[in-house]
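Consider the single chain below, provided in structure tokens and representing the form predicted alone.
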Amino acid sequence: MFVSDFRKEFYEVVQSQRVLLFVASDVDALCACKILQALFQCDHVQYTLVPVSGWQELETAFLEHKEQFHYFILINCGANVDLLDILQPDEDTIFFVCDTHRPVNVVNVYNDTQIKLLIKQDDDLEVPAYEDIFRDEEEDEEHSGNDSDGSEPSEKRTRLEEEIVEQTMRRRQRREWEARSGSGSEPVAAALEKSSRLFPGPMSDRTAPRSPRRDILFDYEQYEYHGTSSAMVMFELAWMLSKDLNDMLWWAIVGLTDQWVQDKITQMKYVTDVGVLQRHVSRHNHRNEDEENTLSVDCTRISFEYDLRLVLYQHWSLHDSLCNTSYTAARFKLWSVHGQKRLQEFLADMGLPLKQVKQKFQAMDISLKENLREMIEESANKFGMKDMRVQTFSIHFGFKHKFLASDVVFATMSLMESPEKDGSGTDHFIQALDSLSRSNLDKLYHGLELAKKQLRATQQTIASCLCTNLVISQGPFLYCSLMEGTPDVMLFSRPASLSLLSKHLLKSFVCSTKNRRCKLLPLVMAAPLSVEHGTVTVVGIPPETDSSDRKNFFGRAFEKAAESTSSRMLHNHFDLSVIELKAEDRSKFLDALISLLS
């Protein structure tokens, strides 16, 4: 059920309890976690933090800890599947779910006892009515005329709870039987069972006849998209409690910027949420210009900026930033000789010497830096780039350290998905979490260096894919596969890195192709995951259009294609449009996907 009063129904409930935090491996989840940690520190709330990167880790961690805790908080995981079905918790276990993934699973919405959703209801959720979902034709026949109170909501809820209990018991018996049998195929069976459990109900039963209930659920569940940033939701809780600090506000800004950088929300949604945060920035960072209220040299200042759409340009050279920003690289077509000439013409139009452009931004002449934004915007308009500046925020730590919100997003993401072999996924998660604190600026700068490597590798891979025609039209979608042995291929085995590469590749392809039909197609991209196990990561990206609502239909399409061909697929990631697939099943899986979407 949706929580209407976050203070009374959530915070005051967990304040006197020991709670377990499950936090997904994305920047928005990290920021929401930092805000919640700060609140817990204020009120001395005992908690344990467990990072989870997928459903397998979540289920394993829950089984390890379920005896010690009754209250669990899930950040950016759990809303879009039937949690009780997956985790099989005891009846006294309570889950608080703060998740941006949409659509929210209907069982989670209408479960009043164990699932509490910390989700803003002013988002366009479009949840089907209870009566339309939990009453099918058989029940209608059974109860028509027999019982005048049969349509009461309480009666229906009782029937729903009985169904859930019955399903749970059946699955527990099946697991006990599998444990006793000790079959060699148990891991595969468990993976297949998990895959089917992630999509309970009408989607997984292909033989059942169509009904109004199935149609309603299909329409509701067919597209995956994202709602309000979890960090923003947590910041609003802190504001309600009158415990909001500048640090918390900055984490909320970084969480929102992460959604924008990764194209998870529309431009309209981003601008609206920036407006909300801008009011908080004005409230927190307003000072009268008198001696009594002057800011300390070492203080934190956040300011709203209408800044350049260039990645890390204040920590890089302007030339490197222009070459490795997906927006400018795609518009100039920098993978071609003609594109490189256009970049030189662009710099000449601004009147910037190459010597200045190719050195670190901080070392450029002050006279050039003063009007740089206006100069770049003016020249960009001449070259057809109308959106060269974007609404964002920056933070100052004293006079020396200044970061844009997007700088922090790229640095934190690179630390979390670092290919370095010197630590586990948990170590990288902790390092990324620490980099968000102003006391760990050395980690943030290390993250910026890793981000530069990642951005360079991304643009080099895009250039390679376009120049060797690796992006091919499969009819209803475009397809690109990175081969084993490709330079930097291991950088893109992780879901966030591969998704970002896919989105940038699609933008570049749309700018480069002359085929009008191809400009409107979505993209499916595959990259090697494990040579040892023979698996690949596959990600689906919606079409790149100006009016795109960022809704992704590939999650359901992947599931149906794998089901119809018995492909060995694992839906282990919280984003349903990212899957793991056996390499030898790839061709039949793609054939099924083509026929399904044609």
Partner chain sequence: MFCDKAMELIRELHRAPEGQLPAFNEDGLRQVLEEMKALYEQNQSDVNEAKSGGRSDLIPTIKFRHCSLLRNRRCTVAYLYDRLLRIRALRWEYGSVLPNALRFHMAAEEMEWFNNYKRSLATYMRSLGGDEGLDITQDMKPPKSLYIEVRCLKDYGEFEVDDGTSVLLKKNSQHFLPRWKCEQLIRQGVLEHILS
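Positions refer to the first chain, counted from 1. It should be emphasised that the depicted structure is a prediction, and the values quoted were computed from it without experimental measurement.
A second form of this protein, the form predicted in complex with the partner chain, is not displayed here; the remarks below concern that form.
- In the predicted complex, Asp349 stays away from the partner chain, with no heavy atom inside 4.5 Å.
- Shown alone here, Ser439 lies within 4.5 Å of the partner chain in the predicted complex, counting heavy atoms only.
- For Pro51, a non-hydrogen atom is located within 4.5 Å of the partner chain in the predicted complex, even though that partner is not displayed.
- Although the partner is absent here, Gln56 sits far enough away that none of its heavy atoms falls within 4.5 Å of the partner chain in the predicted complex.
- Taking the partner from elsewhere, no residue among Ser473, Phe477 and Lys582 has a non-hydrogen atom within 4.5 angstroms of the partner chain in the predicted complex.
- The stretch in contact with the partner chain in the predicted complex, judged by heavy atoms within 4.5 Å, is 58-66, chosen from 553-561, 569-577, 533-541, 58-66.
- Checked against the partner chain in the predicted complex, the candidates Glu345, Asp488, Glu236, Asp427 yield a single residue with a heavy atom inside 4.5 Å, and that residue is Asp427.
- The contact with the partner chain in the predicted complex, taken as any heavy atom within 4.5 Å, belongs to Asp434 out of Glu449, Asp434, Glu378, Asp85.
- In the predicted complex, the partner chain lies within 4.5 angstroms of at least one heavy atom of each of the following residues of 34-49: Gln37, Phe40, Gln41, His44, Val45, Gln46, Tyr47, Thr48, Leu49, in sequence order.
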